[in-house]
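The chain that follows stands alone, in the form predicted on its own, written as structure tokens.
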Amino acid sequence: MHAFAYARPATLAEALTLLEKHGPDARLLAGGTDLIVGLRQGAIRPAILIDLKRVAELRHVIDEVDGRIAISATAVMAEIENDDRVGRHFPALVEAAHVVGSVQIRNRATLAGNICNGSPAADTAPPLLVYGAVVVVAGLKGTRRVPIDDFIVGSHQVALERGELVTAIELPLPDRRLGAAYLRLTRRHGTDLASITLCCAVDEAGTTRLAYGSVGPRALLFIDESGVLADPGAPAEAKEAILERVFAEARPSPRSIRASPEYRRAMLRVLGARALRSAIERLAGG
């Protein structure tokens, strides 16, 4: 493993000062489930590692504040799985968190890290897009809030500038009833990167939000306000035509060992139809 300096700041200001000073030569440690692998393989070679686990402002916490759920940057997947408020308002996010790695990984991996890593296969990206999440970004110049659809830029690229880090991810509480479902496709059961990640939500006004990932450089969000997808009585042909347009943006890599582009495109339609049915059923079931 490459030698590096190690810092354990106690405040956010200290962490930001270190990050601003070292720039791209610094790496942040929160859960470290991807970082440690990269360090061991030599793919990541930082000059300094900044451990965020003792930063007072980033303590493990999930709060309900001003009509939104705020998930701290150090909150781990297991905490998201077991939080009653997240489960009540954002069940598809809980479903996604539940399939991230193994139990051991979920006790270490953070939601913020899953997004900041910028992996096209990040399980939590589709539900965060569907639920309209906002990423809270802090730097020495202040704090800004970035919609998740703007924060995710491309493969392993996110909208963080030099000296910035994510302090929280906020989820606005739904202002109407909705049903949502998360599905993924893997080569095998257990801890495996997904060949497809997909989330669908339908609300009582007839709007359908569908996001999918692992079939291109980033997860994509589509919103259908025609009411056709959300209508349980709409002809299957009409729904299929809309889904075809939605999935036309998929760009699966031909070099991936997990699944061929043809298989992924075919299974997108299958998972999309399944998730849509589940979302409609969950909306009807309250």
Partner chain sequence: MVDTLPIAVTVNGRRRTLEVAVHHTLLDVLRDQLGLTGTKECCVVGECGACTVLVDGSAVNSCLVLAVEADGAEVTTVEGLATDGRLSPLQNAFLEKGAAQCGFCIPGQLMAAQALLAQNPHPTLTDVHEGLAGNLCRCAGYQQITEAVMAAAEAAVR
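Just so it is clear, the model here is predicted, and its values are computed rather than measured. Numbering follows the first chain given and starts at 1.
Another form, the form predicted in complex with the partner chain, is not on view; read the next lines as being about it.
Asker: Although the partner chain is absent from this view, report whether I36 comes within 4.5 Å of it in the predicted complex, heavy atoms only.
Answerer: I36: contacts the partner chain in the predicted complex.
Asker: Answer for A230 alone: is it within 4.5 Å of the partner chain in the predicted complex, judged on heavy atom distances?
Answerer: Residue-level check for A230: no, no contact with the partner chain.
Asker: Taking the shortest heavy atom distance, is R251 within 4.5 Å of the partner chain in the predicted complex?
Answerer: Taking the distances in the predicted complex, the answer for R251 is no, it never comes within 4.5 Å of the partner chain.
Asker: Whether R88 contacts the partner chain in the predicted complex should be assessed with a 4.5 Å heavy atom distance threshold; does it?
Answerer: Although the partner chain is absent here, R88 would stay clear of it in the predicted complex, with no heavy atoms inside 4.5 Å.
Asker: Among A201, A238 and R282, does every residue place a heavy atom within 4.5 Å of the partner chain in the predicted complex?
Answerer: Checked in the predicted complex: no contact with the partner chain for any of the three.
Asker: Given that the partner is absent here, state which listed stretch (202 to 210, 164 to 172, 133 to 141, 107 to 115) has heavy atoms within 4.5 Å of the partner chain in the predicted complex.
Answerer: In the other structure, the partner sits against 107 to 115.
Asker: Quick one: which residues from 28 to 59 get a non-hydrogen atom within 4.5 Å of the partner chain in the predicted complex?
Answerer: Going through 28 to 59 in order - heavy atoms within 4.5 Å of the partner chain in the predicted complex - the hits are L29, A30, G31, G32, T33, I36, V37, R40, Q41, L49, D51, K53, R54.
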